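Taking the form predicted on its own, here's one chain by itself in structure tokens.
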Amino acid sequence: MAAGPDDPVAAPGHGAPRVRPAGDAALTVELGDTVDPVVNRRVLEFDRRVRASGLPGLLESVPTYRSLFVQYDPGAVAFDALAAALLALVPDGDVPAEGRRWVFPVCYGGEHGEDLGHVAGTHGLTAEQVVAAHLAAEYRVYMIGFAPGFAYMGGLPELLHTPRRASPRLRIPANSVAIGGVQAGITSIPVPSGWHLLGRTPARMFDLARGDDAFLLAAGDIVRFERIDTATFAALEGADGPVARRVG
């Protein structure tokens, strides 16, 4: 009996990808159960293959931490046929990382990072120790979501893992460098958030004037940060040219 849109579909084998319905015109292909760089690399390669496949009825695909959301036209392709075709495109094992590498300037603390002191106190650190730990890490962009161009990143050092605020703010500034739980992130537009604000970058994460490159970062990119002072922040925030540097 063929699978229907209410039934999850799995490829054979231990830890196999699983297809789950997401309404009557979309589905999700899950490649794992954890936030993990190997799983995420497979998701991004899977997304690339799906986009290049020319499968009939395919409308859009959106990668997440551990899965790929696929929207399709049910008048052009049946759920079970599409599920089978998608499972055939899932990569086996780990795949090479192909993301771009970036360095972002950040002004920490003060009006740009009002939670820096709170995070330091929570972990028994000084503000300078928090900044040093944040600067020393390398971050992977796992996905773009929640708001246009918002970058969800892994790689936050364990000593900075901090539960989100008990009372979220109704609005935090665009381009804020923040942490929440085990995640790091850079906001793109003013949004409500329970994340802790460590600083702010003068780089514009979302800018419609860039056309097809409106989102500065993409899933799979690697990010490092460098510290700047308030005067440099003010100068760079008004600059016309690029602020974040591509280094690979």
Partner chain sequence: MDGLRAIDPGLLATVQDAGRYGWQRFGVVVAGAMDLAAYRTANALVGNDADAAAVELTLTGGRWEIAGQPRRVAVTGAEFAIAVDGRPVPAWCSFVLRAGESLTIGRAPDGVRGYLAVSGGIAVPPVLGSRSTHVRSGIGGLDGRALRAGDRLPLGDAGEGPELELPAEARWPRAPRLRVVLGPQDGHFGPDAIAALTGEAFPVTAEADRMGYRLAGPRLRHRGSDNIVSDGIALGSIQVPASGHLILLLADRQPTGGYPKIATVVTPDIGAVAQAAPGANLQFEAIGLDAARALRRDWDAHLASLSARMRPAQSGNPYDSARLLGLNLVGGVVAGE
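Positions refer to the first chain, counted from 1. Every value quoted in this text rests on a predicted model; they were computed, and no experiment measured them.
Beyond the structure shown, there is the form predicted together with the partner chain, which is absent from this document and is the topic of what follows.
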Checklist entry - Does each of E30, Y65 and I189 have at least one heavy atom within 4.5 Å of the partner chain in the predicted bound form? => result yes
Checklist outcome for this item: Interface check vs the partner chain in the predicted bound form: of G155, G145, P91, G109, the one with a heavy atom inside 4.5 Å is G145
Next on the checklist: Can you tell me if A78 lies within 4.5 angstroms of the partner chain in the predicted bound form, counting non-hydrogen atoms only?
Outcome noted: yes
Next on the checklist: With the partner left out here, check for me: in the predicted bound form, does some heavy atom of A25 sit within 4.5 Å of the partner chain?
Outcome noted: yes
Next on the checklist: Is E45 near the partner chain? Define near as a heavy atom within 4.5 Å, in the predicted bound form.
Outcome noted: no
Next on the checklist: Residue-level contact is defined here as any heavy atom of the residue lying within 4.5 Å of the partner chain in the predicted bound form; does Q71 satisfy this criterion?
Outcome noted: yes
Checklist entry - Want to guess which of 124-132, 110-118, 145-153, 91-99 is within 4.5 Å of the partner chain in the predicted bound form, heavy atoms only? => result 145-153
Checklist entry - Taking the partner chain in the predicted bound form, which residues of 34-62 have any heavy atom within 4.5 Å of it? => result T34, V35, D47, R51, E60, S61, V62
